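Here you get one chain, nothing else, as structure tokens; it is the form predicted on its own.
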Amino acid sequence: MARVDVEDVVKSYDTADAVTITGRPLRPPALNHVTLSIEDGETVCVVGPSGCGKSTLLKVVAGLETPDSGRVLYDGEDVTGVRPQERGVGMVFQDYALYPSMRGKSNLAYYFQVHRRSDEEAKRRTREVAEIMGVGFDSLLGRIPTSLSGGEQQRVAIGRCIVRDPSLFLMDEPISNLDAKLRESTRVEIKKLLRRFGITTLYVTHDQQEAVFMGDRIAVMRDGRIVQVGTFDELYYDPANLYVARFIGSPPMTILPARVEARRVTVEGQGWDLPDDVADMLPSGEVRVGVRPEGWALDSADGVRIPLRHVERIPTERASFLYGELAGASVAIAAPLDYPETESVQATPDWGRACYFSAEGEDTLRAPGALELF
């Protein structure tokens, strides 16, 4: 396995129509001074909106793209100029990238043919991988990719990576093309494989839930930069800025305009005393307050009246989400599954567990930090 370090990498895709008369690019770099470390055996998931640089980062780590500046190191060795096929990486793509004319077994054995390894080694490794991949995998090896379902093709693609015994796994939205049921079962299989072999993995996805399940840590990207890296709890309860706070969590955090003065907070003309530890950290003046769906006390005596637009009931989670509007902001409140239908609710934010941001810009003034449950 390998430790991977990405050091101050810049990568641009400037074209003739993307450059001004002065020669300056109209678009910011795809990767803008990105630094990231992945520990030996760790899985880091990269999330962010489309076009933020997730896939470009993966391609630079793989060697499929050469950075304009910066370095990529495997176990402390600079591999920035090393060809992809010499890096010992295994890649799994969204579109499977199998050889369509080859049966599954030939897809797995092709690596050994290219590198002039013996047929005996190819058969032995293919047999070992079939055992690793579990029940039913043997039956896929005698079929061509076009006769396989999406989930079966992805299993073969993952097997083709494992057969090479890679030191690093690079996965670019590997299960996004699958239906919901297959996606769930396939990610469980991938997680089991990563745990079994402790393979260092960089995993790109747009799905937060998938990132939480797969990743030891999560890197949030925006406009070619990594904004914050940490566990889900760190991102959820201690966001680096307003962007991370809004991006992480579903339903998203409610952001309310507020004013802090004389150790009190006011929203929509209604005021509350702040807890001492919160009041000590906040400057007087305008702020923005972030409240998670579970951070509201319903039917509280000092609550503010919130008109509701609709109620979403989720039986699998034994919960409901109440959606409304307050101070011009969308509000989402977690409630019991059997909470009655109503046009409005009276609720109070838990001011001690709320996040506070500057009124201008996105700086975090105070975040509660992860809950200590044990």
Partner chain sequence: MGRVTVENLVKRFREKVAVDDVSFEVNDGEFLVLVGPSGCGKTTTLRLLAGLEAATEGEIRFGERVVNRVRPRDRNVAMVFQDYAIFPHMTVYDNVAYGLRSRRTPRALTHRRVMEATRKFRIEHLLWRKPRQLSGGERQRVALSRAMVRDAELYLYDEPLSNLDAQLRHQAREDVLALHEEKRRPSLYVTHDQSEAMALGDRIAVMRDGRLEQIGTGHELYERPRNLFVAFFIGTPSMNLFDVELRLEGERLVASSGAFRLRLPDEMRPVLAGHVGKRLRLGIRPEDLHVPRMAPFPVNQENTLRGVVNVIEPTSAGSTTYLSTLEAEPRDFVATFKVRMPSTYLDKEVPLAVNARNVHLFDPETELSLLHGA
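Just so you know, these numbers come straight off a predicted model, no measurement behind them. Numbering follows the first chain given and starts at 1.
Another form, the form predicted together with the partner chain, is not on view; read the next lines as being about it.
For residue 285, no non-hydrogen atom is located within 4.5 Å of the partner chain in the predicted complex, even though that partner is not displayed.
In the predicted complex, at least one heavy atom of residue 323 sits within 4.5 Å of a heavy atom of the partner chain.
Contact between residue 167 and the partner chain in the predicted complex is not found at the 4.5 Å heavy atom cutoff.
Though the partner is left out of this view, residue 207 does reach within 4.5 Å of the partner chain in the predicted complex, counting heavy atoms only. Distance criterion of 4.5 Å from any heavy atom to the partner chain in the predicted complex singles out 187 from the list 225, 187, 217, 105.
Checking 121, 131, 294, 273 against the partner chain in the predicted complex, a heavy atom within 4.5 Å turns up for just one residue: 294. Heavy atoms within 4.5 Å of the partner chain in the predicted complex belong, among the stretches 296 to 304, 258 to 266, 245 to 253, 121 to 129, to residues of 245 to 253. Annotated contacts: 49, 180 and 192 all touch the partner chain in the predicted complex [non-hydrogen atom within 4.5 angstroms].
Using a 4.5 Å cut-off on any heavy atom, the one residue of 325 to 342 that reaches the partner chain in the predicted complex is 330.
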